[in-house]
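Structure 1 and structure 2, given next as structure tokens, are two forms of the same protein chain, each shown alone.
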Structure 1
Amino acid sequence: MSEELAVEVKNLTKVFPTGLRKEYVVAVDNLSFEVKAGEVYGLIGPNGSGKSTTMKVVLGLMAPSKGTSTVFGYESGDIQARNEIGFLPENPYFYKHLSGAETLKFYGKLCGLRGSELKDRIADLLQLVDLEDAAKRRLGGYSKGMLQRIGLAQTLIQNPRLVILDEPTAGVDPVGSRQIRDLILRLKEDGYTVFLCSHLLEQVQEVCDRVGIIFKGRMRREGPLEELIRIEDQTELTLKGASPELLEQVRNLIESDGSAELVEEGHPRTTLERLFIRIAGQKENQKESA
């Protein structure tokens, strides 16, 4: 038995006419991929490579010029297909005049939720994205990260099987993007299917089961993340408290082996991003203990 497919895109081509003349931009070029139910799939590629366009076709906001796209077997754009999807657009804006809770209520009602069911759902989601304190404030006063989080809550309102996120961490600071990444991991644990895209490799690598690398509208590489980034013939050792003598011994050991070779040696550095998170984390701890 084959696994159920959340998204199936076959030979998708999307062409945009530009200007008055018969000129075209090929945004997506004969793209095929599938997202299996329950996995986190990442589409990565530089700006303008066609990621958002692909997502809009999957959602039915755009029609393919060629090819097909289905969601859980429904044709993209079908009202039932949309009921299975929660979508977070890139740089989302919601009605500024609504508060966080009202925003969720609005989208919940659009999905047919009512009464106490809707109320409970809103409370759960506000807790999930850590916006309980800001629930009554208008979105006009939300920060970028808060908007992204309320947007994420909005995608989940009808408990859809498939969550589509377009650049979920764009414009969010490292702490915020870590929160969002943790959230995505939680969604995966809970059994949601996640289809996300980004142009930042390292953001994708922590959450995705499989990635597709798209460039100029075409799929260049695709597969499980591990496979894509592993350098098969190299091994990394990280030691702590090693004496110069021990290191000398190790070097000698390597030299004595005919086939192995020492490529690099030095102190590992933490990434700027990790440092930032650690500092921000310490500040929080100090505040709490004070």
Structure 2
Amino acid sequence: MSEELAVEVKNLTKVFPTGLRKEYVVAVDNLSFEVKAGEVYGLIGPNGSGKSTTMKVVLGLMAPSKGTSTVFGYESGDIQARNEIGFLPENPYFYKHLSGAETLKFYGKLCGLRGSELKDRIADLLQLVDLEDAAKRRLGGYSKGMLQRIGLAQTLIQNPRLVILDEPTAGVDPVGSRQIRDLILRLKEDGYTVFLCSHLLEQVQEVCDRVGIIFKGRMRREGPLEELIRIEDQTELTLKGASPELLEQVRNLIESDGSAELVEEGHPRTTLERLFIRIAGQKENQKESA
């Protein structure tokens, strides 16, 4: 992974006046973080924590009250910074009468693409987001998950180096969410930098290299995902095929040590989401083989 910084936010503060007795609201308070080129970075927090305001400043849609924000070394409001960014909002708006391919063609032309270059780019992106079979279908007939995937393809049309995603799986069913998360990991493999904002913690945990936790406009915790979720004073052992005799020996060994404590014992668990996806996949396979 490159040490080049895709995003650098330093001491960012954003204040909004309320218009009442010269009062104001501090949406973001002295916030600093970095997104390294080639990584997936997640900014997480509850609604109203300052995520969207921070994102708008990075996108250059809003000026900071104090502090700075840069994208690959350019100030966020600079046209060169904006050329490096592809953005997918939480609720993207599309022309429902256009097909998937026509939508990508429309946005490609807005980005200056023409001819065979645009045609090849559309074909590559439809394949990437697995919408080749729906390329000629009107967006009015797309599901929420399909709309998010065509939105992600639109985000990549000009081949940006930085992809910013705002709640990319909001309102999408578990299977669609899995497809979108697989796409995010694919983007990382292809060398893109992904900066996403979300309040869905489990989804962030599955794709992000580093995470920042923001609350009431301030960064509360930030760092590599594995360091943040690790319980420092506990060690987990997973055994397969262990006999009752072996388990009893382990328990006795722990008890005789005196300094360690057996906190929990039982079978490892999956998540409800993974169980749902596995069952759905089994049903699809049974239909295909019938």
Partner chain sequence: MNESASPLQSPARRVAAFSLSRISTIAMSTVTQLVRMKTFYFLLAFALLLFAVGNFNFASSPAQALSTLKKVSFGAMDLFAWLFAIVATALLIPRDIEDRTLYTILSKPVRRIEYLLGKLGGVLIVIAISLAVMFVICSFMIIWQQLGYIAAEYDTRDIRTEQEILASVTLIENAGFRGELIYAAYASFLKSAVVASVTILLSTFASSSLFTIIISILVFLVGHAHTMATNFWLQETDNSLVVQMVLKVVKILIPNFQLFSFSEGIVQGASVASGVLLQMSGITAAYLFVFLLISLISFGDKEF
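What we label the rigid core is the largest C-alpha set whose atoms superpose within 1.5 Å from one form to the other. Structure 1's sequence is the ruler for residue numbers, which start at 1. Since the model is a prediction, treat every value here as computed from it, not as a measurement.
Practice task
With both forms of the chain shown on their own, indicate which is the form predicted alone.
Solution key: Of the two, structure 2 is the form predicted alone.
Practice task
For Gln249, decide whether the Cα shift between the two structures is 2 Å or greater, given a superposition on the rigid core.
Solution key: The answer is yes; the displacement is at least 2 Å.
Problem - Core-aligned C-alpha movement of Gly171 between the two structures reaching 2 Å - result: No, the C-alpha position differs by under 2 Å between the two structures.
Practice task
Please check if Gly141 moves between the two structures, taking a CA shift of 2 Å or more relative to the superposed core as movement.
Solution key: Yes, shifts by 2 Å or more.
Handout entry: Core-referenced Cα shift (Å), Lys240, between the two structures
Key = Its alpha carbon moves by 5.0 Å.
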